[in-house]
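Heads up, the chain below is alone and in the form predicted on its own; it's given as C-alpha cells.
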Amino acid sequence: MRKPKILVVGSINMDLCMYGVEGMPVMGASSFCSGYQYAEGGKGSNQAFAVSKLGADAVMVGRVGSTDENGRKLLKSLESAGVHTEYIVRDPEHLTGMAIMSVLSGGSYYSIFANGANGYVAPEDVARALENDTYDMVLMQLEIPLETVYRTYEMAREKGIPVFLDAGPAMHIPLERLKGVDYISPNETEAEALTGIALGDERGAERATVYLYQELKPKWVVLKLGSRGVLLYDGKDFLRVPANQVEAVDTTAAGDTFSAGFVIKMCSGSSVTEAVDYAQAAAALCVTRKGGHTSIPSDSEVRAFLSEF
C-alpha cells in the first residue's frame, strides 16, 4: 500500500526545556527547576518528524537560520527521521526559532517563543513545494505568519488538496479566509481563544465546536480535551472518544503527534474515530517521554500500545 504523502508547513525551533519547574513565576522573583535539556522541536518540525516516524512520507516547508548551530541540528534530526527537507529555507538573515519550555511537575508546560526565522516563512516558500509535487494532505499550524497560513490554505484548495489546521498556539484570528478548511483541531485553550467560549464543562466544549463549525464549515471539528479525550463534530452529530490514561511526564509535542497520527489515518482510509484512536495512542506515548522529537513514538510502538487495549 502506498504511503500517504503529507506536506507540513510550519515552525522549526530549538527548545530549551526546563523540568520540574516550581510553579508560575511572579514579577521580580525566580522559579527554580530540577534540570534542563535542549530538544529539537517547533510545532511544524514536531509534526513533520511525527508524520515520518508514524509511517508516512513527510515533506516540510519552513525556515531555519543558516548561520547558527541550532538550524543545523534541527535539519539533521528531521533528516534522520526521513523527512524531506529540500523546501526548508536556510535563512542567512535570521536565527533559528527558539522556545523556552517550562515543564511543571505534572507534565503541563508554559513557554516563551522567539519566532526567529519562523517569522519569515513566506507563501512563495510553500508555492515551490506545491508546484513541484503532489500531496495527500497539507498539515499546518499558527506558529508562522498568518498571511502564509491563509495563502497555504488557498493554494492547497486550488489544487484540491485537503488541509488540516492544528489551531495552535492559542490566539484569536479572523477565520473568514479559512472557510471550508477540511479539519480544524484546537485544544481547550486554543478553542477558547478562537471562540471566546469557556470550555470548563461539556456544554462549553459543545458550544465551542458548534461555533467553529458554523464559522468554517469543515468536514470535522476535532477538539482535543486532554485527559477528557476528543470531541468531534461534523455539523450534525457529536462523537466523543475517551483518552488513554497514562502518567504524563512532559506534554511537549503531544498535540503535534496527535495531528500527525490523525492525518495519516484519514489519508489511509480510516474512519474518523479510528483515526482519533490511533492519534490519541500516539499522543499518550508521547507524554510519557521528555522532549520534542525525542518523545515521538514510531508506528510500531503505537500499534503495540493499541494492542494492549
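Throughout, we count residues from 1 along the sequence that is shown. Nothing here was measured: the structure is a model prediction, and the numbers come from that model.
The protein also exists as the form predicted together with ligand RIB; that form is not presented, and the subsequent description refers to it.
Item to check | Distance check, Met101 to ligand RIB in the model of the complex, heavy atom within 4.5 Å | outcome: Yes - in the model of the complex, heavy atoms of Met101 and ligand RIB come within 4.5 Å of each other.
Checklist entry - Is there any non-hydrogen atom of Tyr109 lying within 4.5 Å of ligand RIB in the model of the complex? => result Tyr109 belongs to the contact set for ligand RIB.
Next on the checklist: in the model of the complex, does Ala253 come within 4.5 Å of ligand RIB, counting heavy atoms only?
Outcome noted: Heavy-atom contact with ligand RIB at 4.5 Å: present for Ala253.
Next on the checklist: Residue-level contact is defined here as any heavy atom of the residue lying within 4.5 Å of ligand RIB in the model of the complex; does Arg63 satisfy this criterion?
Outcome noted: Outside the cut-off, so no.
Checklist entry - Counting only heavy atoms and a 4.5 Å cutoff, which of 245-253, 272-280, 65-73, 50-58 contacts ligand RIB in the model of the complex? => result After filtering at 4.5 Å, what remains is 245-253.
Checklist entry - Using a 4.5 Å cut-off on heavy atoms, what residues in 128-152 are near ligand RIB in the model of the complex? => result Only Glu143 sits within 4.5 Å of the partner.
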